[in-house]
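Form predicted alone, single chain, as structure tokens, below.
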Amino acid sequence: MGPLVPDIITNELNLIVAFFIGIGFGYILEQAGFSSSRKLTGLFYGTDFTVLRVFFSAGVTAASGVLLLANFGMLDMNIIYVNPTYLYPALVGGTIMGVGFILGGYCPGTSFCAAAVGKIDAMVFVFGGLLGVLLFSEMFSLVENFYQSGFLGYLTVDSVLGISKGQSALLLIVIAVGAFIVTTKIEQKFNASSPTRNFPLHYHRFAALGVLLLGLVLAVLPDRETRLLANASDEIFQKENPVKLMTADELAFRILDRDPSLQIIDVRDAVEFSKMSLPGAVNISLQSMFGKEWRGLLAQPRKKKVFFANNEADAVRAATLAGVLGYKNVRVLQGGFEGFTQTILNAELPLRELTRGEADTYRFRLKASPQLATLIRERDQPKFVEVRAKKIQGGCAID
């Protein structure tokens, strides 16, 4: 739910929608037979693989949906929480949970599902789980070091294998289809009354082919961020979608005039930004523009968003990307920060006779130079900008 809020689901509706989704999820678990400990333990005896089919179906659906929503700009994947990997406690915890699953016939999520429909064994399982949580919390100081051992970072399949997210989705789909085929044969061998014996094979083959084709589409689908960055960097695209320029003189005047419609955006790296930047500037990296953390600032239609970098070309790329993302009233500092420094901050009278207009311009520059230098020295240290969006944490009620 979190990554869809507030763009698709408002903050007010978030919990309400989650409540009804929870009801629907519980209903699906019940209809799939997850309230029966016999059906769940059938997975370990080779007689019923409903659990595996539901798990893989859910995984394929979630992976495909996330990638498609992200590709259309409807989902910010940067704020999806990835659980950190602690190898040794994960192995021990997985073993304990697996043994508990076999002995009790439930996992935490399915035990609540079964308890909700009045299964006494599930109620006992839930009580045992809550008791285990209590004991673990009370004894945590004794196992804390082990609990945090074997840290491997925030691992994902694509990062470990060095493949794209679309390719990892295809891999998941291939494994799922293969698992469906193999487990169906095993189930038919060990369970004479298995409903898989009556499966309409032609429908299932078409379904498998369809989901494999979906996986291939996801695997070759260009990453949205990569695609848009490529467009923003393309000179032909920039010429077809030009951004307006703002001269150093105009920007200096607006800064000194404290123009409320002005918003300066520094797209240089964080080190350069921390050393020196323009008054009131915020540091926004290209990657962070895809997320939600700066959307409120960039989406203000009446604000003139003036992008600058050391050179004009880098700022044009950032401003073009802002335009591609739908932000309006975008400008680029002509000549970049280097040009602004040379023109305004290091302003000097030329050794030649000036026209009246040129004389007025240089008088302004010479007057603005010390004032801006003072403002730059005294500026409040802006917030660092590679803002890490708040991660949306969540989990699965089944595991």
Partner chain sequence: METKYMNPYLAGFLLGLILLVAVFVTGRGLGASGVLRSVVVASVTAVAPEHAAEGEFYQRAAPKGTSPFKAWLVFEVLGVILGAFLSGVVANRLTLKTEHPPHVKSRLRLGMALLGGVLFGLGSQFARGCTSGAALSGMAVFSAGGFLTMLVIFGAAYASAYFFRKLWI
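Residue numbers count along the first chain shown, from 1. Here the structure is a predicted model, which is why all the values come from computation and not from measurement. Rigid core (definition): largest C-alpha set, two forms, superposition within 1.5 Å.
The same protein has a further form, the form predicted together with its partner chain, not shown here; the description that follows concerns it.
A.B. asks: Suppose contact means a heavy atom within 4.5 Å; in the predicted bound form, does that hold for all of 23, 55 and 117 with its partner chain?
C.D. replies: Checking in the predicted bound form: 23, 55 and 117 are all within 4.5 Å of its partner chain.
A.B. asks: With its partner chain left out of view, which of 291, 178, 93, 222 would have a heavy atom within 4.5 Å of it in the predicted bound form?
C.D. replies: Checking each option against its partner chain in the predicted bound form, the one that comes within 4.5 Å is 93.
A.B. asks: Of the residues 172, 246, 298, 262, which one places a heavy atom within 4.5 Å of its partner chain in the predicted bound form?
C.D. replies: Filtering the options by heavy-atom distance leaves 172.
A.B. asks: I'd like to check something about residue 334: if you look in the predicted bound form, is any of its heavy atoms closer than or equal to 4.5 Å to a heavy atom of its partner chain?
C.D. replies: Outside the cut-off, so no.
A.B. asks: Is residue 365 close enough to its partner chain in the predicted bound form to count, meaning some heavy atom within 4.5 Å?
C.D. replies: Heavy-atom contact with its partner chain at 4.5 Å: absent for residue 365.
A.B. asks: Should residue 65 be counted as a contact of its partner chain in the predicted bound form, where contact means heavy atoms within 4.5 Å?
C.D. replies: Residue 65: contacts its partner chain in the predicted bound form.
A.B. asks: Would you classify residue 83 as touching its partner chain in the predicted bound form, given a 4.5 Å non-hydrogen atom cut-off?
C.D. replies: It does: once its partner chain is placed as it appears in the predicted bound form, residue 83 has a heavy atom within 4.5 Å of it.
A.B. asks: With the partner removed from view, which of 320-328, 271-279, 71-79, 237-245 is the stretch that lies within 4.5 Å of its partner chain in the predicted bound form, judged by heavy atom distances?
C.D. replies: Partner-contacting stretch among the options: 71-79.
A.B. asks: Can you name the residues of 95-125 that have a non-hydrogen atom within 4.5 angstroms of its partner chain in the predicted bound form?
C.D. replies: Result: 95, 96, 97, 98, 99, 100, 101, 102, 103, 104, 105, 106, 107, 108, 109, 112, 113, 116, 117, 118, 119, 120, 121, 123, 124, 125.
A.B. asks: Superposing on the rigid core, does the Cα of residue 16 end up 2 Å or more away between this form and the one not shown?
C.D. replies: Yes, its C-alpha moves 2 Å or more.
A.B. asks: Under a superposition restricted to the rigid core, does residue 201 display a Cα displacement of 2 angstroms or more between this form and the one not shown?
C.D. replies: After core superposition, the C-alpha of residue 201 moves 2 Å or more between this form and the one not shown.
A.B. asks: Superpose the two forms on their rigid core, then report whether the C-alpha of residue 100 is displaced by 2 angstroms or more between this form and the one not shown.
C.D. replies: Yes, residue 100 moves 2 Å or more.
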